[in-house]
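Read the single chain below, which is given as structure tokens and is the form predicted alone.
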């Protein structure tokens, strides 16, 4: 986690073996729907974890809690040793600087080019023009879009748009990358390409959590699998497969 966040949030010195920690986390929405029930699990630095389960199991809610889009109703959730529910509003942006997010629906800015979409994520964290000019071509090269920097989102395929989303998510070198159904709008072959990119990011040391119902991707990768069903954690398996039908 960045030094600025530690200054504001009071991180202790030294490393934290678990970068994400859920302790008895329950989430009940205002309409009384319980999305998560007493969730307990930890994710170590550098892990790749699939979160699987049928629609409505609580996968997206779990992801949103990590970057504080939502708050738990009960329980504790720690990111790099800090309880995110205890952060003051002014500290939340510093938490999010250390977390990249890839969405199912891409969420690109339609009136900005590929380069500008990625650069925008860096401007938000006040990166210098020199750093933006250096870093954006690097991440576009990494996701195979170096030759599409001047294209607009509506000129790209779905797979290309998702690669832009991934480039944007890793532009600020986050310690944690969250991918919420990143292949849900893509065909199986293109989804596999996105998975390979996520695995590449993970090999460089980034912790990756991918919520998905794509059975074939989970079975190919054979990484840690956390399964949710009706908001409960029902399986946590190293080098697991998808398990049950979505």
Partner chain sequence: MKLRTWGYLLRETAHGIRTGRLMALASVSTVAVSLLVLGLFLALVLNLGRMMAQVESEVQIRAFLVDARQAAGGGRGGSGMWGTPGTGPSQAGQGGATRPAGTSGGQGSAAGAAGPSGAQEGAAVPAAPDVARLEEQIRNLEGVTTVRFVSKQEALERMRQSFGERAAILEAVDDINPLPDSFEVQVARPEQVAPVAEAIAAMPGVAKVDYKRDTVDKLFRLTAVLRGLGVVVAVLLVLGSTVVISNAIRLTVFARRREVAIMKLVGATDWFIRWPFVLEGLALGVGGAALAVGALAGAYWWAAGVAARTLPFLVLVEPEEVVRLTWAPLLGLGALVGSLGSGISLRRFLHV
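Numbering follows the first chain given and starts at 1. The structure presented is a predicted model; accordingly, all values stated were derived computationally and were not measured.
What comes next is about the form predicted together with its partner chain, which is not displayed.
Checking 78, 156, 87, 127 against its partner chain in the predicted bound form, a heavy atom within 4.5 Å turns up for just one residue: 127. Taking 134, 107, 74, 150 one by one, only a single residue has any non-hydrogen atom within 4.5 Å of its partner chain in the predicted bound form, and it is 107. Although the partner is absent from the chain shown here, 93, 97 and 123 each have a heavy atom within 4.5 Å of its partner chain in the predicted bound form.
Interface residue remark: residue 115 is not counted as part of the site for its partner chain in the predicted bound form, having no heavy atom within 4.5 Å.
Under a 4.5 angstroms non-hydrogen atom cutoff, its partner chain in the predicted bound form lacks residue 163 among its neighbouring residues. None of the heavy atoms of residue 175 is located within 4.5 Å of its partner chain in the predicted bound form. The shortest heavy atom separation between residue 138 and its partner chain in the predicted bound form exceeds 4.5 Å.
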